[in-house]
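In the form predicted alone, a lone chain appears below as structure tokens.
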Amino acid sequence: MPKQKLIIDTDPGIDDAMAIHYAFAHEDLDLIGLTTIFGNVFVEQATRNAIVLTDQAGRIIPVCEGAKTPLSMPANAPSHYVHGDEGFGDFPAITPSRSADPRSAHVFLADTIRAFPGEVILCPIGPLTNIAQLLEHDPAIAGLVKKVVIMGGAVDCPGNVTPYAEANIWNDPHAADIVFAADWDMELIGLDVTSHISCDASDFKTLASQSPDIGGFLDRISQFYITFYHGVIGRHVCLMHDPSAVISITNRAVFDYESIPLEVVCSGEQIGATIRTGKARRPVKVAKQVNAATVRKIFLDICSQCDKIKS
């Protein structure tokens, strides 16, 4: 059976690195490109970090830089307090082996999806600016994507940057609303489920012993992330937001979904809130329940193989 073609739109970012290495390691996924976005870090840092992750995995795939700022509002500060000044915890900046693909993110996305109509899953795990720009650049593209799997949103739970908003949606609510209004098959893996999925320090120590290069890297960067979460939720764990979105692609049955038309609040106190709408929109399949222990085990089992399958 052919592998599932996948493009991840990303702002690496500690949990982005976990998600991307999971995708590289999974035998059923063919990660054919990365596009980068501001969010956890500045977009230039995101591009550098994305290329570094391909270097670690020995995969020469396109990495294309996307938007530096939101569509129509000033950029929020990067989440350096969560992910470190350079995006990988206390790691200093790592020099990648090559430069980014010269195409902008939305052009690469349009080109690649049109080259493989109906075959590509698009998985944005950062702010949705590049995806909104893709729709503006090529409005018919919605009919050519196999599906869109988004990490973001907080539909029936509190946000993580405000009481209402999850970080990816909050960083460009106008873009998110455009994406939720598009007529494509869309799934949302948001805080309703990811706030229940975690790994602890011993999990990453085990990964480091099983896969010393990539697992060791994930172990080191996770320490910064775990320290952040300990200060926020009082547990010595990190929440597995971005990996959970990719795991939902390989193991969809672990999640339970509710179909909900969505819109995003774009002004006022609740800006960035992802809410049910009465507008005539195609429903989004929103993950509402999850077997968190199974997701954790899947992540650890796959990532234990990271070094063995490096190209």
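Position 1 is the first residue in the sequence shown; the rest follow in order. Every value quoted in this text rests on a predicted model; they were computed, and no experiment measured them.
Unshown form predicted together with a small molecule; subsequent notes refer to it.
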- Message: Taking the small molecule as it sits in the predicted complex, is residue 211 near enough to touch it, meaning that at least one heavy atom pair lies within 4.5 angstroms?
- Response: no
- Query: Do residue 120 and the small molecule come within 4.5 Å of each other in the predicted complex, heavy atoms counted?
  - Reply: no
- Message: Check residue 151 for me: does it contact the small molecule in the predicted complex (non-hydrogen atoms, 4.5 angstroms)?
- Response: yes
- Task: State yes or no: in the predicted complex, is some non-hydrogen atom of residue 49 no more than 4.5 angstroms from a non-hydrogen atom of the small molecule?
- Result: no
- Does each of 40, 166 and 241 have at least one heavy atom within 4.5 Å of the small molecule in the predicted complex? yes
- Task: Name the single residue among 207, 175, 134, 125 that comes within 4.5 Å of the small molecule in the predicted complex, judging by heavy atoms.
- Result: 125
